[in-house]
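Next comes just one chain, in structure tokens: the form predicted alone.
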């Protein structure tokens, strides 16, 4: 899930192979005397093999992500002193890392299940349901109302399905009829959380090959950000490296050539328990922020590229929300207070969307939610868009900064 960057200064066990967990076909028994026409009439039965992730990892140990050395000169000592540092500090976080890896394995399996199923003609609500219902099955959080602690596991934040000039923070509200078209460029950004440990990872879907260079530019910029990230690295230096790679690309769309520009007021971020944005922002342009990454931190490295102005603004119907952490007294309006109790019980400080409230039975919540936003109990996150007619792309991975190496924990075979 992206973060608008207010600080940008504009100047000038061994990793297990992921099984194919799509719906598998089970062929019916066929009698030898059965005619071919009878065979055609028989419908093949389908069996859904998706279940709680614990069923695939009975020992409770989840696959590590892709490891990468720190390449900076000031980090070389960390590699040579690996044994001592790893044992003394990293093992203290073993349970935390394992829960992050658990969420990452679920994220990969959801992606694998979705692979090849998204196509032109689908409604965005269908795509969101496909991703979210699969996530619910793997996490064992299919019905929050039946869970003792609804915040213990499940969806990390609403599934972003942002199309074309919409860069982020769009998910369909109830009744949305938007249909994905062949000529669209759609960002798919979803999260998984285990005990508040969040995996935030995203990719871009397009069908028309003329957008390939746009997607490549952003994917390579994200990979560069991951490579440059490390303990004691300044955030502005990561942004500068990302910017240099992304701006080296151009893309031809419908006969016109566009420079690929970073969306300079969007950024990555560190992740804290039950908080998708932990306080540090990872810019995608050089911005002069000398804040450093620190050992043990948990970051989402994400970049956005655009054929437009490279600057986003809020526009459109809001779908994303999150409860603010404050000490305000309960709302005086009973209906608003009831809705806030539902939000607090089921999401806490995790982001949510209107569809999630509908699912919990809060079907007439619009006015109460607006009241909670105006009174400061809830923060709204409207869609972030570039200029009309432009195209934006996004790629994102979650990384962990271990004492000796960094772990690209959400890495998969797909991206």
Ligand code: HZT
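All values reported here derive from a predicted model rather than from experimental measurement. Positions refer to the first chain, counted from 1.
A second form of this protein, the form predicted in complex with the ligand, is not displayed here; the remarks below concern that form.
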Note to self: For the form shown, open or blocked once the ligand is overlaid as positioned in the model of the complex, with the cut-off of 3 or more ligand atoms within 2.4 Å of backbone or C-beta atoms?
What the structure shows: blocked
Notebook entry, point to check: Here the chain is shown alone; which of 246, 267, 100, 238 has a heavy atom within 4.5 Å of the ligand in the model of the complex?
Noted result: 267
Next item on the list: Sort through 230-238, 331-339, 273-281, 288-296 and report the only stretch with a non-hydrogen atom within 4.5 Å of the ligand in the model of the complex.
Entry: 273-281
Notebook entry, point to check: Taking heavy atoms and a 4.5 Å cut-off, does residue 62 contact the ligand in the model of the complex?
Noted result: no
Next item on the list: Determine whether any heavy atom of residue 158 comes within 4.5 Å of a heavy atom of the ligand in the model of the complex, and answer yes or no.
Entry: yes
Check: Counting only non-hydrogen atoms and a 4.5 angstroms cut-off, does residue 383 reach the ligand in the model of the complex?
Finding: no
Check: Contact between residue 320 and the ligand in the model of the complex at 4.5 Å, heavy atoms?
Finding: yes
Checklist line | Residues from 183-198 in contact with the ligand (non-hydrogen atom within 4.5 Å) in the model of the complex | finding: 189
